[in-house]
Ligand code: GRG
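Let's start with one chain on its own, the form predicted alone, as structure tokens.
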């Protein structure tokens, strides 16, 4: 590694260029997402087969948040998602791929966004999810056996959205989550693992769905999250790491669920999010000057919705979907 590369590796924050955007470039982002849907022969589309159903959710959710969902090919997208369903009841990222909880949840979310949930076989999906719960209350993401607190949220959210949360052993799952709760107020992937912003979002989201947020110290968790804000205004996933616009969602949504959104500097946070936009192509990157992609785009937009941007649809902090499309499926916390 060169000396310059070593210095870059040791960075703990980023500088915001003076030429950075100072407002939301909503129209550009809608065009950016629509181009991703249309360019099915392009390199990026072809190489993303292993996460396509999740990518579809990121794209259609971004368009729903920007009030441009009508520009997406609803029938084609829904048919593709349904073609990814497997005999075990779960969904893979693409036809012929094994089922996974991540893609199963994204498939359900996408069907809700297009008001087509009735096309899903709720019973078989929930049986698939139930079959991945372990004796200690944890969930595996698929048959490979990987355990991660992300999969608890995926399981809870999927079954809640299908009206079958009671199919799961909620008390056992909550006990597992509490074993992943660290003394610093954060959560890890499993008991004894390092606290991480993404895992905190998954764990408190699951606890909110279960109605068990009072089982943790909200202020202690919110304080850990607040310390993720860097001088640039951006948020990182854990101490000593660079900020990334996707953590604008994981951290802010967590604080919103906890009722502690005022724990961070919102003005500097917005400046960082705006600076991550590509003012030529549209889309958000992880940091200013990097390449934009749908993943960071949806979470950058969703974070701005949490701040009350009136040009966007209101977002639900637990499910990262518009409140409008969720309707009665929303969970009222306060």
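Quick caveat: nothing in here was measured; it's all calculated off a predicted structure. Positions refer to the first chain, counted from 1.
Only in words, not in the display: the form predicted in complex with the ligand, which the text now covers.
Engineer: Does residue 196 make contact with the ligand in the model of the complex, using a 4.5 Å heavy atom cut-off?
Structural biologist: Yes, residue 196 is a contact residue.
Engineer: Please tell me whether any heavy atom belonging to residue 109 falls inside 4.5 Å of a heavy atom of the ligand, as the geometry stands in the model of the complex.
Structural biologist: Yes, contact at 4.5 Å.
Engineer: With a cut-off of 4.5 Å between heavy atoms, is residue 225 one of the residues that contacts the ligand in the model of the complex?
Structural biologist: Contact check for residue 225: no, nothing within 4.5 Å of the ligand in the model of the complex.
Engineer: Given that the ligand is not shown alongside this chain, does residue 204 nevertheless sit within 4.5 Å of it in the model of the complex, heavy atom to heavy atom?
Structural biologist: Result no; residue 204 lies far from the ligand in the model of the complex.
Engineer: Counting any non-hydrogen atom inside 4.5 Å, which residue from 252, 81, 153, 125 sits next to the ligand in the model of the complex?
Structural biologist: The residue from 252, 81, 153, 125 that makes the contact is 153.
Engineer: Sort through 220, 212, 238, 260 and report the residue having a heavy atom within 4.5 Å of the ligand in the model of the complex.
Structural biologist: Answer to the contact question: 238.
Engineer: Out of 145 to 153, 69 to 77, 85 to 93, 260 to 268, where are the residues with a heavy atom within 4.5 Å of the ligand in the model of the complex?
Structural biologist: Selected range: 145 to 153.
Engineer: Quick one: name the residues from 319 to 333 with any non-hydrogen atom within 4.5 angstroms of the ligand in the model of the complex.
Structural biologist: Residues within 4.5 Å: 319, 320.
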